[in-house]
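Next up: a single chain in structure tokens, the form predicted on its own.
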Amino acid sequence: MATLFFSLWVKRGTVTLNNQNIPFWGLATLATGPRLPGPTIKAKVNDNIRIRLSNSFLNIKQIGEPVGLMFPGIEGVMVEEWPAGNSRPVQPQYINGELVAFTDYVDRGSIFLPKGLIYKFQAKKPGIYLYESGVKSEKQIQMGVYGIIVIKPVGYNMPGHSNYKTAYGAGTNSNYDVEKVLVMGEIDTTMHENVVPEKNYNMLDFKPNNWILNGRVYPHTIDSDNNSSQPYGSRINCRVNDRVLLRIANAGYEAHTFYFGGLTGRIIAEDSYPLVSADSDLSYEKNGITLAPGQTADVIIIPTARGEYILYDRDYNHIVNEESFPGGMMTSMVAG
């Protein structure tokens, strides 16, 4: 058991999609610019996680409105003021009886005035979880304020341990050779270019024109990881007969059906609940999976022949860049 500390800010930045620079708001560390998705938080079961979210101190790229985080699927989240304050359970926030946020939040402030919140919880069970904005969520999540938490079982990195290289522990049929996190989403360029801090966005005007995996559109989805505002590649490299674990999350506002490139996958967990236990096996095979907004799934795919497999959103209007095919929500699995 360890205590893991993460310091995050919400900052303004730009992403590049289809050769166009688009403004966005994203989570960042002090030393980096904002990222889409935000920094991936990795932990083991029983670790204590501390996430300090600052909205002012040393943040010269503030977004101009309050910020706060929520952690769907993770219970027992506590919060305390930073630099000093008492610990309390996270609660919805009201002003004059009106709901203004799903979570405790940090108001705006000076870049020279320390002001923040520390969210605290214990990693009680393995899985993949979204963390995302709980303030003006209809606007801030679309603008990019979200990331992924991956919690592994104890012993996942210890050769000889029964949980070694498993997503959910021994007996859950979640052992893997290759692991890849894929975060689905979409971006409405017009919204991003016209959003105004402190103003609500009319979601009836929401009309996405970019469909993204890990913050990128194809063919850049298959580029390597880098240090840009879109740091995470989506290409999967494996060998024939490897057990490839895809950890898929839908951070967008639309449902997406993600196809496995002609391969058959076995769904072994949904929303971080494993489907296989000592008493039952509820896992099932699919050629693709549909995830509603906010849902996650873990899929094991075993390629039995060498080759390249294209994985993509089955909504064919989501695999273009503007009018050009191929693009959008696509990536590649290469079995060597």
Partner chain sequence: MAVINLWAKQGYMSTPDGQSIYFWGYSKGAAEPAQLPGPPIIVKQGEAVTINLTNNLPEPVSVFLPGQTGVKVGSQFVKPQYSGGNLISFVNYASSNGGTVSYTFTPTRPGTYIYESGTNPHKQVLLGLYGGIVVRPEDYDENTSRTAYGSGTDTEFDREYLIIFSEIDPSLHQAVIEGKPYMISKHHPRYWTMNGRCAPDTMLPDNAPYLPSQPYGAMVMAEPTEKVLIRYIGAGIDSHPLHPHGNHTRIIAMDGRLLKNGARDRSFKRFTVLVGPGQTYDQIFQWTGLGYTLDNPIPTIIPNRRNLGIGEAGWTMWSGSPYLGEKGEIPEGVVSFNEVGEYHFMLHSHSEPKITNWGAFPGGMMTMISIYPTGFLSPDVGVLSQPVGKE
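Since this is a predicted model, take the numbers as computed values, not measurements. Positions refer to the first chain, counted from 1.
One more form of this protein exists, namely the form predicted together with its partner chain; it is left out here, but the text below deals with it.
Student: Of T264, N237, N226, N241, which one comes within 4.5 Å of its partner chain in the model of the complex, counting heavy atoms only?
Tutor: None of the other options qualify; the answer is T264.
Student: Taking 4.5 Å between heavy atoms as the contact cutoff, choose which of G288, P39, P66, G294 touches its partner chain in the model of the complex.
Tutor: Partner contact (heavy atom, 4.5 Å) among the options: G288.
Student: Have a look at 302-310, 26-34, 66-74, 42-50 and name the one stretch with heavy atoms inside 4.5 Å of its partner chain in the model of the complex.
Tutor: Comparing against its partner chain in the model of the complex, the contact stretch is 302-310.
Student: Answer with yes or no whether Y201 is in contact with its partner chain in the model of the complex, where contact means some heavy atom within 4.5 Å.
Tutor: Output for Y201 is no: heavy atoms all beyond 4.5 Å of its partner chain.
Student: So in the model of the complex, is its partner chain close enough to Y273 to count as touching (4.5 Å, heavy atoms)?
Tutor: So Y273 does not count as contacting its partner chain.
Student: Please run the contact check for Y119 against its partner chain in the model of the complex: heavy atoms, 4.5 angstroms, yes or no?
Tutor: No, Y119 sits far enough from its partner chain in the model of the complex that none of its heavy atoms falls within 4.5 Å.
Student: Should M330 be counted as a contact of its partner chain in the model of the complex, where contact means heavy atoms within 4.5 Å?
Tutor: M330: contacts its partner chain in the model of the complex.
Student: For the heavy atom contacts within 4.5 Å of its partner chain in the model of the complex, list the residues of 203-234 involved, in sequence order.
Tutor: Residues within 4.5 Å: K207, Y218.
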